[in-house]
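Just one chain is shown here, as structure tokens, and it is the form predicted alone.
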Amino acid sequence: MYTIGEFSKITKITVKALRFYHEKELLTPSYIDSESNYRYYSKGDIETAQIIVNLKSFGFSLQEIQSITKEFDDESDVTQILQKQKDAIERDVKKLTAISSTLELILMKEKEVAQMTDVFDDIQVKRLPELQVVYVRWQGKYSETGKAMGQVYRAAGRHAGGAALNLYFDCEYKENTEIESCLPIKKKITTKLECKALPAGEFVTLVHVGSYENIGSSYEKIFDYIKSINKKTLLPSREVYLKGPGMIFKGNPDKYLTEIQIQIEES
């Protein structure tokens, strides 16, 4: 048996810390003299002390170390307990990585919007390139888009590469309509949802500022323009959500930015 001083030298743990560990039932001496109240430690206590020192150096709290050391009674248990802790850490890392990717996407979108001009009522004719997306096809009300968007964001994860959009396959308004909710991705990925490339083409575009409830006025402008240039429209039409209800905050509907993209036949 070792006195507390000897044990302190062997383990490089201060006497003050050893008394504190005893008080917290983290490292209990093998023997305590009932008359002198002196603490004595065994060789088996050395291994426990070394585990505490190592775990503490890795950033574990005393509460976490206590829960680990209480779970094993012999050397054979140590490996199992530490493996469980390692698995838990890896799960936390995966979760934090997903959160970090989501925050990075939100910041990227906010930066893109901040760089845009304050004037959004200009109609433009654009040649849009092919766009690789992950998507989910569903039928329902326009207001139910949020649920579908949640699915594509979770599927894309850190591979997300741009603003989310909806594809509409009906040329008129319907209470329940056919919709594909899409999210651009940096490369094709393996996921429970499907991936595809949206074809390149010529589009007439207009950025609508404000609530989705008022988006009809912007459709009026864009259809008037298409008629003025005598072009035939193609389906599906697209709505790209440059700024809208976020994954964390709903935001101000008066500041939502939605780019309407109507594909037209090329000359």
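Note that the rigid core is defined as the largest set of C-alphas that superpose within 1.5 Å between two forms. Numbering starts at 1 and follows the sequence shown. Fair warning: this is a prediction, and the values are worked out from it, not measured in the lab.
FYI, the form predicted in complex with the DNA isn't displayed, but the following is about it.
Not one of Gln139, Val152 and Cys195 comes within 4.5 Å of the DNA in the predicted bound form, counting any heavy atom. With the partner omitted here, the stretch from 31-39, 233-241, 198-206, 213-221 that lies within 4.5 Å of the DNA by heavy atoms in the predicted bound form is 31-39. Within this chain, Leu62 lines the site of the DNA in the predicted bound form, having a heavy atom no more than 4.5 Å away. Put simply, Ala17 is close to the DNA in the predicted bound form: some heavy atom of it is within 4.5 Å. In the predicted bound form, the DNA sits within 4.5 Å of a heavy atom belonging to Tyr21. Taking the partner from the other structure, the DNA in the predicted bound form has a heavy atom within 4.5 Å of a heavy atom of Ile4.
After superposition on the rigid core, the Cα of Ala17 moves by 2 Å or more between the shown form and the other one. After superposition on the rigid core, displacement of the C-alpha of Pro236 between the shown form and the other one stays below 2 Å. Superposed on the core, the two forms differ at Ser8: its CA moves 2 Å or more between the shown form and the other one.
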